[in-house]
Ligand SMILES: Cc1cc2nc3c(=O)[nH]c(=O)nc-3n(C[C@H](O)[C@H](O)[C@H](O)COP(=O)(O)OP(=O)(O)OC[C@H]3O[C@@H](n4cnc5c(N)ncnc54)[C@H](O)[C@@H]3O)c2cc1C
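One chain comes next, on its own, written out as structure tokens in the form predicted alone.
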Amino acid sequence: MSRHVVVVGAGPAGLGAAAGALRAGARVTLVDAAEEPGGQYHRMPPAAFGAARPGRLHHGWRGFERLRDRVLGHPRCDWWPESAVWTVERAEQGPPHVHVLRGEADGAGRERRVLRPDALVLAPGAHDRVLPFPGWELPGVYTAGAAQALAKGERLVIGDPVLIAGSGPFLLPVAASLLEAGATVLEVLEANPAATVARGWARRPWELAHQAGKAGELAGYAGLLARHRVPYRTGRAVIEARGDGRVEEAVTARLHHDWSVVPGTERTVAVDALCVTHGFSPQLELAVAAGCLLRGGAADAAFADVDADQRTSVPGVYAAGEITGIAGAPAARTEGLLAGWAAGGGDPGDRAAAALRRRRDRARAFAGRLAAAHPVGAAWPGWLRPDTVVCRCEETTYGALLRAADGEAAGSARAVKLGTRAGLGPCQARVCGPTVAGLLRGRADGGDPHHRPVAQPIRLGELANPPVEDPEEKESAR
């Protein structure tokens, strides 16, 4: 019987992993919470919109279609859409058991399923990281990922006009998506000064030849902004949002290289919506639950640690894509192909695998330049005021967090969270966890913002029902 590989996530990394495992001769179960594969990068309007055609900003669409059709049409691939992995259970031998809820998230008939694979590939992706600032909780302030998802997946704009701010190259495709959907973009603000961005991208310039596609994308975005007369400004950020019941204006300011505000440079801009991102936070809940080691030191800047074949520290568990480092969709796809090939039992000495490793290594070099060009400045907490909300779910303020960290809860991140409720609301620290961990650094030790035994919400009624098991899974459990 062929090996059974479970792949969690059907974005570029997950589809690549499924393709790699199938090529190695394995049986694959591909699980994703969305209705269609592709992730955020290849998001399209739902079928109810009719025969939607990919826009000119859907980079690599034909390649994605070929990969999607090859994977989903393969006789050894079982595609599970609208299926959420709510936890993984460590096993005495082999990789963890995978607990899945199948069915619409708001539906009444979701089934519990348990998969016991021979290998597990984690490719859950990442979500926007947004640093808090006064007024960021106002309606009309969106993460860049949410704004792009609405524009690409629903043809909706978050407002008109829109200001886009934060840090990183993701600002550009978001601006392009909003412009294509019909919104007016006032300006795009990159928080890092031009010198920081230039130094970061100039590292190891001889490697840039391998990123010709990225250079072409950048040129396309620059041309689009120029045609729409959208200014792109470096060294400037949104430090406050204001409005009566919703955002009405944004306060921007010039920043020093450490992101401290240059006094006297504040400027107020009238907006209908504000779109903000400060990079990405990898979705590490499943990796942490499985016992995988992380790298990166600080809890707010951690990634899954993998070897040359994308293996984690847990036998039989592999990781690919943004949870190993932020390097873009092509890099995620390459990591996925390599992880799937290894998970499916492919020959590590295979020529194609060796070529994938070389491509992956070049992608990791790109990730290093990306991190160097768009770092988060250490002085950003200077934007905050005592009444600034840092945990939106529990409305915990910056002042309350500092009082707890310097008071009876001093030295213990867990005590600070229990005392302030920061990170204990409905999002379970997915939004504020890394930020709170960063704010507490040096004031309190301990605490992992990614430790979350229940990775996705599950109803008590669903938990009480016994899981439905496939015959092959029952056989593998014996």
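Don't overthink the numbering: it's just position in the shown sequence, from 1. Only a predicted model underlies this, so the values are computations on that prediction, with no experimental measurement involved.
Omitted from view is the form predicted together with the ligand, to which the following refers.
**Student:** Is there any non-hydrogen atom of L131 lying within 4.5 Å of the ligand in the model of the complex?
**Tutor:** Flag for L131 set to no.
**Student:** G14: heavy atom within 4.5 Å of the ligand in the model of the complex?
**Tutor:** Judged by the heavy-atom cut-off of 4.5 Å, G14 is in contact with the ligand in the model of the complex.
**Student:** Using the partner position in the model of the complex, report whether P124 sits within 4.5 Å of the ligand, counting heavy atoms only.
**Tutor:** Yes.
**Student:** Although the partner isn't part of this model, could you tell me whether G9 comes within 4.5 Å of the ligand in the model of the complex, counting any heavy atom of the residue?
**Tutor:** Contact check for G9: yes, within 4.5 Å of the ligand in the model of the complex.
**Student:** State the residue from Q283, T397, T196, T234 whose non-hydrogen atoms include one within 4.5 Å of the ligand in the model of the complex.
**Tutor:** Looking at the other structure, the residue within range turns out to be Q283.
**Student:** Name the residue from G159, G316, G328, G377 that puts a heavy atom within 4.5 Å of the ligand in the model of the complex.
**Tutor:** The residue in contact is G328.
**Student:** So which of 242-250, 160-168, 179-187, 141-149 is the stretch with heavy atoms within 4.5 Å of the ligand in the model of the complex?
**Tutor:** This holds for exactly one stretch, 141-149.
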